[in-house]
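Below are two forms of the same protein chain, given as structure tokens: structure 1, then structure 2.
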Structure 1
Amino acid sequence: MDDTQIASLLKSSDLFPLPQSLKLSYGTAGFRGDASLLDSTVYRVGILSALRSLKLGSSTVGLMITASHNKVSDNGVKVADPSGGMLSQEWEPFADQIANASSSEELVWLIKEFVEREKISIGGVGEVLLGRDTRPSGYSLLRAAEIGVSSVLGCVAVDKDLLTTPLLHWMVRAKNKGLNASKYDYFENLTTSLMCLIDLIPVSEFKITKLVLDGANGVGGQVMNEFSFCTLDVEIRNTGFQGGVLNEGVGADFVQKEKVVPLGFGSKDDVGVRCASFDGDADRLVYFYVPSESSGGKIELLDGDKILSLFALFVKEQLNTFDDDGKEGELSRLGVVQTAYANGASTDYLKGLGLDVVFAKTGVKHLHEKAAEFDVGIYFEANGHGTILFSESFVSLLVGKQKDLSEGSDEYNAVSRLVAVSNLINQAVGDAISGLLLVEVILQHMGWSVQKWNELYKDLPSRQVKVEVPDRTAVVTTSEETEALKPLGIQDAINGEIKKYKRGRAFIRPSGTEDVVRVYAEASTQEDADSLGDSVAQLVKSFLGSS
């Protein structure tokens, strides 16, 4: 790293001093916090993104400014790798180091050391696509990102303006594949693959029923307003244009956690109607409906587990149609990935379908990695973040098989559906828009109402408890976070409590950001789930103490 590059970094970093006592850690969601404190962080992630592009042979990298489902006064920043996936975990320690460097001199020293160690050639051509959600703080933070990117010689920031997070990831993936990668290419891709699936619905008449969408007063509702729904009937509420506040009493996170209608929903006209909610940056999706006029705002929730189950059932149906001799798995391996937080009833249902169910550590980057091990891997967290991954070799197999089959045959139609799904679904990251379109077409394919879908299985009652402790690192779990390895003896004690309850299940895991241990419990009744959760929380306090 020569003197010119060092001077460029020193000059620009002086514009963004680190706020006192700010300490951030790069996780699944990147960096998040109070927007007023993040200028220096976003500037430094701009530098990191530029270096990432140079390291990977001038590949295009993405930088998204969003705090997703957080309150509007927060913001955040995260990086999309050239694959369209999340930043490689190997670079997260470097992200932490530069984000927390206390001075310009320390920052430049850390960058210089990293560049030399990683053998990054400064002076090459790098490109970073920038996107932001609708938060008022996004514009100034985007300017900080631009300065960070351009302070690395030879690197260029391309402002893509207001985008959903999944759309930015899609653009990055498409651009690095040599494909057209604008927002309108994204729309065209969705439309073409959706229409293909609609044309393959095995009924004489395509029945249109209304969907009402809660846009969380965020960018997702606004992007959906630009999209032609083909033959779908979608009414969008909470777009942000009517003065609503981002994520305040609206959105997927609110609906999933509170299990009540978002603002703008709940009139008698909404009873029984199929509804869906995005989160603030449209990477999460949940469905719901109001069961009756007397429900008092309470809803029937169809969360990420239910969406996963619907997708798995549909994909399995197509695979079974053409796998050799009707024997599943001879041509393909379908797997589903959940976390320990998945409701036990959903896991039982998926296993009952004969599916390969595996567990991953909490965080979509861990689920994504596991899902990529299958020919077709489906992952979802209960919060509504998930997608379907198709291996490139399996898509090639499908396309080849499609050419050899008789058009209109059951096998041809099944293969064509899977090819269309691989194009419709966002394989880079969870995408509420593409996920919603796939749910809608599968329900039409099945001839199901939202109520019929909800009957796949009944969720077990559950309880979550947060226990403050002096040192969360005292808890060590298995890689799937389903059992505690330390403190010694605590898992045996938890198992003893679990045995007291019908269909009991519980686990503990340390928080990734604060000194708390999270407890999850479920059982056949809500009373038992609450009791089990409380008793496990007491075990945590007795083994670790409470702060």
Structure 2
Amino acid sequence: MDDTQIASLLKSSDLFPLPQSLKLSYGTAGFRGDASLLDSTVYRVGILSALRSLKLGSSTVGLMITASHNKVSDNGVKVADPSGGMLSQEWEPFADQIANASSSEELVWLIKEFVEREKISIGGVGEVLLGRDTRPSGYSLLRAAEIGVSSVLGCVAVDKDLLTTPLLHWMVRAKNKGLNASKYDYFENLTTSLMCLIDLIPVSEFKITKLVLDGANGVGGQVMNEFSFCTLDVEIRNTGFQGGVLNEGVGADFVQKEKVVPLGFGSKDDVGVRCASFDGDADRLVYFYVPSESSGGKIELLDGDKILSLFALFVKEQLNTFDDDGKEGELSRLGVVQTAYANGASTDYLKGLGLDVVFAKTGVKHLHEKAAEFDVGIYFEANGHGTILFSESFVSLLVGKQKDLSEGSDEYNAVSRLVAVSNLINQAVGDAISGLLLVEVILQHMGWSVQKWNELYKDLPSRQVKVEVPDRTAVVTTSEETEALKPLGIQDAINGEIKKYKRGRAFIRPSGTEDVVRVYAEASTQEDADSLGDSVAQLVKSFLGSS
């Protein structure tokens, strides 16, 4: 690194001093925290993104400013790699180091050392696409990212302004594949593949029924608003245009955790209507409906597990259709990936379909990695973040088959549906918009109402609790996060509680996005799940102390 580069970094870094006592870790989804403290973090991640672009031969990298489902006063930043996936985990320790460097001098020294070790040639051309969600703090944080990127010589930041997280990831992936990569190209891609799937719906009387979408007062509802589907009837509420606070009493996280209607829903006209919720940056999707007028705001929730089950059923049906000798698995390998938060009933259902079910640690980067090991890998977190990954070789095989089969045959239609799904569904990350379109088209394909879909299996009652503790890192878990190794003795105590309940299951883990320890509990009745959740939360408090 030459003197000009060092001077450029020192000068810009002085604009963004590290607030005292800020200690950050890249976590499950980048850095998150109170927005007022994040200027230096976002600036530094700007530098990291530029270096990543240089390291990978000038490929385009993405930087998204969002704190997803967290409260509006929080914000965060994460990096999209050139593939459109999450930042390679190999770079996370460097991200942690620079985010926590206490002075400009230390920061520059860390960068210099890293650049030399990684043999990054400064002076090449680098490009970083910047996006942000609707948080008011996003605008100035984006400026900090811009300064970070351009303080690395030869690197440019391109401001893509308001975007959903998955849209930014999609753009990065498309750009690096040499494809058209604007928001309008994304819309066009969705429309073309959606139309293709609609044309292949077998039932003659194609019936459109209304879907009501809760946009979480965030960017997802606004992007959906820009995109008109003449073939779907979608009413969008909670767009944030008429007031309403981001993620406050609205959005996928609220709906999934509280199992009640979001604000703006629940009138008698909503009873039985198919509804969906996005989270604040539209990478999560859940469905729900109000079962009756007397439900008191309680909903029937169709979470990520149920979306996964619907997708798995549909994909399996198509695969079975053209695997003519019936030997499923010979041409394709379909696998599903869940986390410990998946409802036990969903896992039983998926296994009952004869599917290969594997488990990954919480955080989509872990699920994505495992899903990529299959020809068709479907992953979902219970909270609604997920997608379907198709391997490139499998898509080529499908396209080849499409040419050989006679148009209009069942096999041809099945293959064409899978090709269309691989184009529709975001291959980079979970995407609430493309996920919603696929759910809608599969329901039409099956001729199912939301109630019928809900009957695939019945969720085991579950409960999630957040416990605020002085130091959440005191909890250390096994790799699948189902058992706590530390504090010593807590797992035995948890096991003692679990034993008291029929179909009891519970685990704890430190959150990667909030300063809490999370408790998950499941049992055969809601009362038992609540009681198990509460007693495990009590154990966490007594072993770690409450803050």
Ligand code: NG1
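The shown structure was predicted, so the numbers you read here are calculated from the model rather than taken from an experiment. Numbers follow structure 1, counted from its first residue as 1. Take the two forms, find the largest set of C-alpha atoms that superpose within 1.5 Å, and that set is the rigid core.
Remark: structure 1 matches the stated condition (the form predicted on its own). Residue 25 shows a C-alpha shift below 2 Å between structures 1 and 2 [criterion: core-superposed Cα displacement of 2 Å].
In a rigid-core overlay of the protein, residue 36 has its C-alpha displaced by under 2 Å between structures 1 and 2. After superposing the rigid core, the C-alpha of residue 468 moves by 2 Å or more between structures 1 and 2. In the rigid-core superposition between structures 1 and 2, residue position residue 505 carries a C-alpha shift of 3.1 Å.
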